[in-house]
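Taking the form predicted alone, here's one chain by itself in structure tokens.
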Amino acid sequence: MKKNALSRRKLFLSSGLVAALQAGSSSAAPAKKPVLKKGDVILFQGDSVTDCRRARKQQKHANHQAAMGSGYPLFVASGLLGRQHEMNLKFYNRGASGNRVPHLHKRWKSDCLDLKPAVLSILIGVNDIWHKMKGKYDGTVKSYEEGYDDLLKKTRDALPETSLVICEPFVMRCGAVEDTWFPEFEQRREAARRVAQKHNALWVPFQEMFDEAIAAGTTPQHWARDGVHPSFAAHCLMAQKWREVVGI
């Protein structure tokens, strides 16, 4: 079998895994989509995929274009601010390049809880495996899941009314992403989904979305040349999927 055909088959299997997980989660109460009120805060958290070269010096200012970075948080915010300007919504991006779950714990009070978001969106997980593959970290799937679970418990305890949005970690099979990443990366995706279900969070299926786009004929490089960091096109697609799932 040719390499491209094999890769495509793996992508179909990956999508099938997500579908199986969805089917197995029918007993969980469905997460409710947020109903925004005037002046609500919407916060994006994560690693470099969310950070996307945001201006740190301006991060205290809501809706500051440079502070939102140049990726999907900016696209989500600009779309909502343009169409619902009377709501006076406040958007913040506190993604930090290189972050893993333990990093979020260290900065969670100032970069999340103190902002009291009505909607909290988190995308974290690719560095938890990438840094491990580089020999710079020894975290396991179990420690990733337990750390993520504890983070969301801490958030629920402090902000019980906050709507949680958990984004599926994703990679493309190109660039830095090698066969050695699997099946562990898929196990980490499953772990993130279990945590989302446990805490009744909305689930944004980014990996499934990209798998379907690639299966339809685009190349992995079109979405992320290094396999990890999304292209401009990918960020646009992510923003569309995020808004579709969250319903705002």
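Position 1 is the first residue in the sequence shown; the rest follow in order. It should be emphasised that the depicted structure is a prediction, and the values quoted were computed from it without experimental measurement.
Although not depicted, the form predicted together with a further copy of the same chain is the subject of the following passage.
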Note: exactly one of Leu120, Leu123, Val101, Ala77 sits with a heavy atom within 4.5 Å of a further copy of the same chain in the predicted complex, namely Ala77
Which of Ala213, Leu36, Leu202, Val41 has a heavy atom within 4.5 Å of a further copy of the same chain in the predicted complex? Ala213
For the spot marked by Ser70, Leu237 and Lys241, is every residue within 4.5 Å of a further copy of the same chain in the predicted complex through some heavy atom? yes
State yes or no: in the predicted complex, is some non-hydrogen atom of Gln221 no more than 4.5 angstroms from a non-hydrogen atom of a further copy of the same chain? no
Report yes if any heavy atom of Gly82 sits within 4.5 Å of a heavy atom of a further copy of the same chain in the predicted complex; otherwise report no. yes
Given that the partner is absent here, does Gln58 sit within 4.5 Å of a further copy of the same chain in the predicted complex, heavy atoms only? no
Per contact check vs a further copy of the same chain in the predicted complex (non-hydrogen atom within 4.5 angstroms), the hit among 181 to 189, 43 to 51, 61 to 69, 194 to 202 is 61 to 69
